[in-house]
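The chain below stands alone and is given in structure tokens; this is the form predicted on its own.
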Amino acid sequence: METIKRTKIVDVLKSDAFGTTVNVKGWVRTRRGSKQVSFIALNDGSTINNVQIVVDVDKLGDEFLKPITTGASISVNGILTQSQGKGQNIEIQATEIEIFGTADPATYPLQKKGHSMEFLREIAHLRPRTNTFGAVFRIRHNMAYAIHKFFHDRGFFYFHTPIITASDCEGAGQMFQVTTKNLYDLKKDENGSIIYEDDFFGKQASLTVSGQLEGELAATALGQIYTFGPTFRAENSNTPRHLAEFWMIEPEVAFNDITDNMELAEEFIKYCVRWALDNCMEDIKFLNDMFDKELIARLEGVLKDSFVRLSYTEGIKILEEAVAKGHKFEFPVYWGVDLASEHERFLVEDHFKRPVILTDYPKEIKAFYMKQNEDGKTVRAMDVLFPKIGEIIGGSEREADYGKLLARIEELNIPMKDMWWYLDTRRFGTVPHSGFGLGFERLLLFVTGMANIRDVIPFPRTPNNAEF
């Protein structure tokens, strides 16, 4: 076969160099046709769209073409031609084909029919080859790129925080342990507690739940930073919104108060949505047409208005009035409750019909590091609530006062031995500072319109599932 430099299908489809010979390589989506002519739909992952390969059966031989079935990989040399077919303006008239790998139709699971999301999760190693997951993972890449670009353009520094840590940032205790110890032969002290002195780190260590605390250290040196890395939560939440391993973006900014923080969060998330609409429209349109007919309208809707700023207390009042008027919630509404997703979505979808930033939560339901308000009851927290998702961003102004922060740590019995370094930022040149966390997969759920968070990450890690 003559060697011609490969052209990606995304570029071939934009080309108008009709009459020239091109080479494309990819995987066969479908092959159909008659005794005289065969049509191969070829895809190489660079775009949602396939290129049509037109094959003269007599020229290449029926026997040669037989193994070219759905899933097979091939290299094609051919003439770029204007297409007569509907829905495409170019096709390739094949002159030579080389078969790289076949895919037995009896065992290749991605045949030309609709597959359920549940089935595709069982073959997560092959599902990126479907149109749906090709679209999702191209959008995932674009969102990661947009995030780095947003922060870089605004003078933030990308800061790498540790994945293995000895501190529990959220104080939630739901952490995966990291150890080299023989679990069948653990040394214990007289109280039955495990002795970690001979473990790899000489103490108990875990996978991080957040890079925030270390991010705060960086912000008090570099001014404005962001983290973007994997985080781990060992909570047994088998829901469409939770993963045990997910990616998180956490900006932290010295000298920012809660108002600056809300402005940054709104600007950031609008930038990401705008980027998706500007750079991933073919993939978004496919997902809009196939899964969620309101996706594009919802994405454009978020850009249209400024987000509502609402205190938790006012939010509770609105929800209580809704209950009084006969609205049924599964979970009760009262001041002090940690809002459920249904409450958040009511405020966004039914009441305001646009995203809401909820502030000033009761301190009891928020993390120890949040700045306490004068009322002694609430903290300067902010959650950004989105349609269909509920909370997409959680953040706060941090407590900059050493005495108040120490009192809160003691109140919650957080072990001081793990927190000395964090408290040092309040002892040596403390400043007001703020930040937030965005779960990357939550953003992807919103941008793709997918219904389950397991379908926006290549290999989901959830309770009882660590395949691939």
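One-based numbering along the sequence shown. Since the model is a prediction, treat every value here as computed from it, not as a measurement.
Beyond the structure shown, there is the form predicted in complex with a small molecule, which is absent from this document and is the topic of what follows.
In the predicted complex, the small molecule stays beyond 4.5 Å of every heavy atom belonging to residue 426. Contact annotation for residue 442: at least one heavy atom lies within 4.5 Å of the small molecule in the predicted complex. At the 4.5 Å threshold, heavy atoms of residue 228 stay clear of the small molecule in the predicted complex, well away from it.
Although the partner is absent here, residue 398 is a contact residue: one of its heavy atoms lies within 4.5 angstroms of the small molecule in the predicted complex.
Here the chain stands by itself, but in the predicted complex one stretch of 242-250, 152-160, 132-140, 315-323, 242-250, has heavy atoms within 4.5 Å of the small molecule.
Proximity to the small molecule in the predicted complex, defined as a heavy atom within 4.5 Å, holds among 394, 71, 78, 387 only for 394. The partner is absent here, but in the predicted complex a heavy atom of 235, alone among 96, 342, 235, 122, sits within 4.5 Å of the small molecule.
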